[in-house]
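Coming up is one lone chain in structure tokens, specifically the form predicted alone.
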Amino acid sequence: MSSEIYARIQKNPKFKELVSKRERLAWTLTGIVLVLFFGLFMTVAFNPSVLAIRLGDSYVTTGLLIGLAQFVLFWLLTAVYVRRANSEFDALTEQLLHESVKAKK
């Protein structure tokens, strides 16, 4: 891609919109992951007895369920990002490229 097209893309308001939306989503998801991840480790460090509570007569504890729930949630958050990237972000990127290449002609 020529530097002229790249400069045109950077000046396009849709590029700023794309960057803003992508950053907002990325920081939101990052915040959720960090709070949950470090929340679990802080619980392990300062109140491990909460994670040792057995559920019923089984060997399943709250810590096991919370740990497994984190993995499931992280997969779901990844799916949210992929879905937005494949629909909204890719559509904006296509529009940007189409407008920039079209403007060159």
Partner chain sequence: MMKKILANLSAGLVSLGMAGAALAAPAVEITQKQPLNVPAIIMFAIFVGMTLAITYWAASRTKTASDFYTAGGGITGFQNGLAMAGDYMSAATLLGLTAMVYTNGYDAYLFMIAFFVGWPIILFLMAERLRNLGKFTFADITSYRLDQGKVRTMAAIGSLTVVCFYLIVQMVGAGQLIKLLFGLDYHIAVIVVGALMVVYVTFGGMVATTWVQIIKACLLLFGGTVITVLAFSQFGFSFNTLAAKTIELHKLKDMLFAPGKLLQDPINAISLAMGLMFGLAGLPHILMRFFTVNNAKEARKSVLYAAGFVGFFFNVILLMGLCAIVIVGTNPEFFEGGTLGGKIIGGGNMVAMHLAKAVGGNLLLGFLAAVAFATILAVVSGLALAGASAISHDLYARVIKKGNVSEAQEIKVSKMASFGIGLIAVVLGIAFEKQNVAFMAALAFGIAAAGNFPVLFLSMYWKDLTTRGALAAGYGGLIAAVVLVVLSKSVWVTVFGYATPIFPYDQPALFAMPLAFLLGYVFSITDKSERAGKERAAFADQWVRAQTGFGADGAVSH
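Since the model is a prediction, treat every value here as computed from it, not as a measurement. Residue numbers count along the first chain shown, from 1.
What comes next is about the form predicted together with its partner chain, which is not displayed.
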query: Residue 12, heavy atom within 4.5 angstroms of its partner chain in the model of the complex; finding: no
query: 4.5 Å heavy atom contact, residue 67 to its partner chain in the model of the complex; finding: yes
query: Interface membership of residue 39, its partner chain in the model of the complex, 4.5 Å heavy atom rule; finding: no
query: Any residue of 75-93 that, in the model of the complex, places a heavy atom within 4.5 Å of its partner chain; finding: 75, 77, 78, 79, 81, 82, 85, 86, 90, 93
